[in-house]
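Shown next as structure tokens: one chain only, the form predicted on its own.
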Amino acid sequence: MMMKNILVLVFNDLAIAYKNKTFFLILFIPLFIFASLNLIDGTNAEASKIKIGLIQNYAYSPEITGSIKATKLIEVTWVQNEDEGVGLLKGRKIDGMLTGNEKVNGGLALLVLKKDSLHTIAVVRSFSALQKAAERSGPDWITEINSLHEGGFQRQTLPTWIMMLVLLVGFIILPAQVAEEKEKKLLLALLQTPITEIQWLIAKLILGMSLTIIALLFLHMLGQFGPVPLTDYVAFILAGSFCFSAYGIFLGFLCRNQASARTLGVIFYLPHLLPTAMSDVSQKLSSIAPFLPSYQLYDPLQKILLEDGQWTNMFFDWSYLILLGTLLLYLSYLMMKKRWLM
């Protein structure tokens, strides 16, 4: 009898888990991880090639150019000038660019996005191996490494932490809260009072943006990230928090209860977070990530915090976030008017 009762409870819990979409979450996470790992550049010859930019009018030594041509591990992109190479580097079309080093006669300077990245280590190792094969001794070919992204490791990781917090509020916290008010009929009760749909949506939007800003202030208090360009930084934080707070409200309206909202939130959270955060280390993901709304926040923050970019030069990204947030807020309003799943 005791075993029968236990089995009844187990099957009941499994049924509840199925009804609350928990099974979807259990199946989705391993499936998404598998897909992400397959998208990351593999170890085949094509993916492991080092892409180097060389300036056409610069006189590189014959040993260097000859060694590069002889190997299949380095793919050369010739650029007209250093500005063109910087553009390719920012677009992640190349891993690094070789320029002359004015401090060392005959030496080369390697320009990369980040000094402490896997790409930089791979470039330096490849050229070290080429030099050993071409010259058993002699001064190093690469005598200096310069980075486009300024600041230490904490500063360089700041855009990732910001994106994580913004998405956490938008995809995990807000959908569950909206679905809870629907599940407990609190929202219907509020709409019987003088409170209107627009007022409720604005209040939820302010809540999401406030939670995001509080989390980011706390992050800056705890971390050693240094000063930030306040105007440009705040412009994108406000646009990003507006967009993903509206996103969270919309997801909450798609669900009937809290459990479904949490599951749906995670299902949206991971695809927005991982491809964008890993776009710096994978050529395949760097071509997929720009299609995600999260990338329109992540990439401008990288340029503002690490490359001294200005938000006025990234007006498309800023407008994209504002327009997407407005659209999702309007769809939430339509669902409220129809009392969707209430």
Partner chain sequence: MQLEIRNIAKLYDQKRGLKPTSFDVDKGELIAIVGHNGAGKSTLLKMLANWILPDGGHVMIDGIDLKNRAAVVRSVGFIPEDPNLFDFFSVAYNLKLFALLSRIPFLRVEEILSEFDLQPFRKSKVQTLSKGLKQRVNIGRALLSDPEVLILDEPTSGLDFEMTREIYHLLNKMHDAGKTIIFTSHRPEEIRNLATRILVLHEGCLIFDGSPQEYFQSDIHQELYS
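Positions refer to the first chain, counted from 1. Remember, it's a predicted structure, so these values are computed and weren't measured experimentally.
Not on display, but discussed next: the form predicted together with the partner chain.
> Spell out, yes or no, whether the shortest heavy atom distance between residue 206 and the partner chain in the predicted bound form is within 4.5 Å.
Close contact is absent here: in the predicted bound form, residue 206 is far from the partner chain, nothing within 4.5 Å, heavy atoms only.
> Do residue 144 and the partner chain come within 4.5 Å of each other in the predicted bound form, heavy atoms counted?
Taking the distances in the predicted bound form, the answer for residue 144 is no, it never comes within 4.5 Å of the partner chain.
> Any of the heavy atoms of residue 82 lying within 4.5 Å of the partner chain in the predicted bound form?
Because no heavy atom of residue 82 falls inside 4.5 Å of the partner chain in the predicted bound form, the answer is no.
> Taking heavy atoms only, is residue 227 within 4.5 angstroms of the partner chain in the predicted bound form?
No, residue 227 sits far enough from the partner chain in the predicted bound form that none of its heavy atoms falls within 4.5 Å.
> Partner absent here, but in the predicted bound form, which of 71-79, 239-247, 157-165, 195-203 has residues with a heavy atom within 4.5 Å of the partner chain?
Careful reading of the contacts points to 195-203.
> Find the only residue in 234, 189, 129, 121 having a heavy atom within 4.5 Å of the partner chain in the predicted bound form.
Contact with the partner chain in the predicted bound form is made by 189 alone.
> Out of 307-342, which residues reach within 4.5 Å of the partner chain in the predicted bound form, heavy atoms considered?
Sequence-ordered list: 337, 338, 339.
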